[in-house]
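A single chain comes next, written as structure tokens; it is the form predicted alone.
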């Protein structure tokens, strides 16, 4: 290599590589913009289900907030979430003014892979297709994620746009999440979140039902609230309005 060429070699050029990535994270949809309302509710969840969302990267969903930027305390929310060991990565949805206020608090606007640079409401289709109940799994290349090994404590598995089928045990302290249904052909002792893409028709099936937390489409129950559930039995969990129903199979 000539001296001239050596002058153009960047120090540490072999120390890293940049690659595009596509990662799935949970969305915390805010229904209230006040930290003094949101944070105690999350803290109460943590006390009843230790480890739930701990150290989880999340996006803050703004679509349900019909508020002005002055009515949302983004710095307070960020500080409070981090104090609960939740890692806020950015925001999704909401008005441009809300996203700008979030950016001032260090929360960048996130967008789905392949989306346009600015998040704007999609134009109404000329001819709407018939509605499809639940999330549309077509085009994802798969309809289910299959896990054949036990899900260990501290692990988190997320089946994006799919059902989750586990042919082993979900141990206490583990978390399994699916946009569709969750099937556990073993003991369910950890936390299970089905219908994560707001699918109220999702179900949770377990051969040995003994979870720390169970949730469908945002409605949840923790272990202390499962006294009427058939613990240790083969169970299907479904959503009936805003209540979870536990049915023996």
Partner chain sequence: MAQVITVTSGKGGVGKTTSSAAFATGLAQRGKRTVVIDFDVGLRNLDLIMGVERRVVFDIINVITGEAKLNQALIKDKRVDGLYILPASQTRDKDALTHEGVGKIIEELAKDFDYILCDSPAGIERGALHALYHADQAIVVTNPEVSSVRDSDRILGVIQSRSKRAEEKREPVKQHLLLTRYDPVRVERGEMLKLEDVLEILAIPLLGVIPESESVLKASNSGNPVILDNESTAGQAYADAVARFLGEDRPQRFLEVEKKKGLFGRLFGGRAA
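The shown structure was predicted, so the numbers you read here are calculated from the model rather than taken from an experiment. Residue numbers count along the first chain shown, from 1.
What follows is about the form predicted together with its partner chain, which we do not show.
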| item | value |
| --- | --- |
| Of 167, 143, 153, 100, the one that lies within 4.5 Å of its partner chain in the model of the complex (heavy atoms) | 153 |
| Selected contact from 177, 147, 105, 172, since only one has a non-hydrogen atom within 4.5 angstroms of its partner chain in the model of the complex | 172 |
| Exercise: residue 191 in contact with its partner chain in the model of the complex, heavy atom 4.5 Å | no |
| Residues in 206-243 close to its partner chain in the model of the complex, defined by a heavy atom within 4.5 Å, in order | 212 |
